[in-house]
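Take a look at this single chain, the form predicted alone, given in structure tokens.
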């Protein structure tokens, strides 16, 4: 680590927030990494104590790298904390401080520069990643690399398993025909709102269809939907990896892009992205130029489940089956959206919704946590998979792309995919039910 004064460390580590921790331990029962290890440094209370020790000069910054890296960032501890400690702000500040002062290897600098700044850092980089992934899949290179073990040899077992679980991405032509940046999807029926759709980076690359399912729902709920041009990654993955400055640049890019258009809401179908967008007001609160703009932007952000419940209900048709729901941690613990997706699922005719055990526990995806900490992430995923099996559900409904990909891999490891259990996005379930209602209407049958 490069030298840094204690005064600067206290400010960088968010010392004022750190001292709010009463060390009561209510957070322990909510923390998935503590429950797996029963090791205090792998708990929120322990990590805050370590950060405080660094800020007060009792420990070196190097001493907290491991415990912080092992945090999945689910923020369930914030919900359990009686003192209202903003653990997420402490975690992000500490990770940013470590990245700023840590001496990185050449490989790490290259990965951060290429992955975070060039690919996810620009809209063009995100589009390129989508095209490259399509080419990788459609040419058979992915199959060949998987069969020969090349993927695992080069990228590691965790990445190999995620690659195998990745769905087939659409072609560039299909993406273009399906409406890209600047495209306007008209409202169906009476127009009730004009929304700017936030596509996300991973969501738009890997789960493009799910985004179009969400847009179709919005259209049928009376929304004119604009794919706002110029938008990029939400910045969540940058905060997870300590790239605070890059995250703030993403926030400013997105705010400026959406400000150019007259819209009532910013809508997304990715729980982690939605949480980041709603926290732009916190990220940029100290920036005199952007603070008020970020506050206004964050106030306009809505998850797809949130806005659908605020509009007249869409006619839904029969979609039989037994499903359970996997909460996105940032949707549940940051956006506080717990009942909304469950209400929507319960409104689908013929659908049997069953609650999963320990629904408030993280699945282990954690943005890029399943790549950086695969052993712990896979243990969480295995626990979640066993709980899915216990429900007897044939579908695990999700609302966040990292969760969707991680749980696809987790169900595959557990063999549940061979038993016909699949992972499906909330928007897809609702879209299929909506289409069923339209089909009934065309054939003159009763919809409810």
Partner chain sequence: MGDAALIQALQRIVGEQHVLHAPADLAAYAVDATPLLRSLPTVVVFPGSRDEVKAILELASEKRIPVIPRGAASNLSGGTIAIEGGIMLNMNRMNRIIEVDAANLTATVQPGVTTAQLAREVEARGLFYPPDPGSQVISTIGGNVAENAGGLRGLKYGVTRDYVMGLEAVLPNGAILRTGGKNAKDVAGYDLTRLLVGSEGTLAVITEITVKLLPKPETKRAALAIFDRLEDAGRAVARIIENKIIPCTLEIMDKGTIKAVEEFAHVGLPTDAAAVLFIEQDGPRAVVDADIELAGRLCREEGARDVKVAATVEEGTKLAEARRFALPALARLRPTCVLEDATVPRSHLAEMIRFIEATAKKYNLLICTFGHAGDGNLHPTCPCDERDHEELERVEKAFAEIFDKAVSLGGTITGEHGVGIAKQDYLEWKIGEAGVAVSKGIKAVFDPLGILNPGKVLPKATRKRLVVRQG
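Predicted model only: the values in this text are computed from it and were never measured. Numbering follows the first chain given and starts at 1.
Beyond the structure shown, there is the form predicted in complex with the partner chain, which is absent from this document and is the topic of what follows.
> Using a 4.5 angstroms cut-off on non-hydrogen atoms, would residue 184 count as touching the partner chain in the predicted bound form?
No, residue 184 is distant from the partner.
> Give a yes or no for residue 408: in the predicted bound form, does one of its heavy atoms lie within 4.5 Å of a heavy atom belonging to the partner chain?
Outside the cut-off, so no.
> Within a 4.5 Å heavy atom cut-off, is residue 20 in contact with the partner chain in the predicted bound form?
Close contact exists here: in the predicted bound form, residue 20 approaches the partner chain to within 4.5 Å, heavy atoms only.
> My question is simply whether residue 53 lines the interface with the partner chain in the predicted bound form - judged by any non-hydrogen atom within 4.5 Å.
Output for residue 53 is yes: heavy atoms within 4.5 Å of the partner chain.
> From the list 84, 189, 320, 313, which entry has a heavy atom within 4.5 Å of the partner chain in the predicted bound form?
Contact with the partner chain in the predicted bound form is made by 84 alone.
> Are all three residues 264, 281 and 290 in contact with the partner chain in the predicted bound form, where contact means a non-hydrogen atom within 4.5 Å?
Negative, none of the three is within 4.5 Å.
> In the predicted bound form, which of 75-83, 191-199, 251-259, 272-280 comes within 4.5 Å of the partner chain (heavy atoms)?
Checking each option against the 4.5 Å cut-off leaves 75-83.
> Across 15-39, which residues bring a heavy atom to within 4.5 Å of the partner chain in the predicted bound form?
Read in sequence order, the residues that approach the partner chain (within 4.5 Å, in the predicted bound form) are 15, 16, 19, 20, 22, 23, 24, 25, 26, 28, 29, 34, 38, 39.
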